[in-house]
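As structure tokens, one chain now follows by itself in the form predicted alone.
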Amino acid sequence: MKKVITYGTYDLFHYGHYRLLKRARELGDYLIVGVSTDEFNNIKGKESIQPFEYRKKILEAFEYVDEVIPENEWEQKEEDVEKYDIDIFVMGDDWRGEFDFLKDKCDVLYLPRTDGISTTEVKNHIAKTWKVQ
């Protein structure tokens, strides 16, 4: 069985997330998604709209995802590759080169992002168009 792993915050699940996860799953037989915990997001200076447990449940319901694990720290990726016997590590191409240090343990692929959609764009659109009363 060929195992694939990817990581992200997956806040405000959108079409770009769908495409990335679908393509990642097509690379193997089993897809593990590491989801940034709220505590890890704080360390990264990011704030999610949805708490970790909600984001995790959405991904668990997604047809291409076989397992969801918490991502607690940057250094965890190398440990997870070994722990879960990963064959392919996948990230969006905006991370190109950042995880090449894993190439001695598994294949590392950077997939193109979906043009015209990102969580940041969604958040910015909401901020511009929704009015709080």
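Start at 1 with the first residue shown and count on from there. These numbers were taken from a predicted model, which means no experiment stands behind them.
The same protein also exists as the form predicted together with a small molecule; that form is not shown, yet it is the one meant from here on.
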Checking Y30, W95, Y84, Y54 against the small molecule in the predicted complex, the residue with a non-hydrogen atom inside 4.5 angstroms turns out to be W95
Can you work out whether W74 and the small molecule are in contact in the predicted complex, taking contact to mean some heavy atom pair no more than 4.5 Å apart?
yes
* Asked: Looking in the predicted complex, any heavy atom of K44 within 4.5 Å of the small molecule?
  -> yes
Notebook entry, point to check: Looking at the partner-bound form in the predicted complex, is A24 within 4.5 Å of the small molecule by any heavy atom?
Noted result: no
I'd like to know if S36 sits close to the small molecule in the predicted complex, meaning any non-hydrogen atom pair within 4.5 angstroms. yes
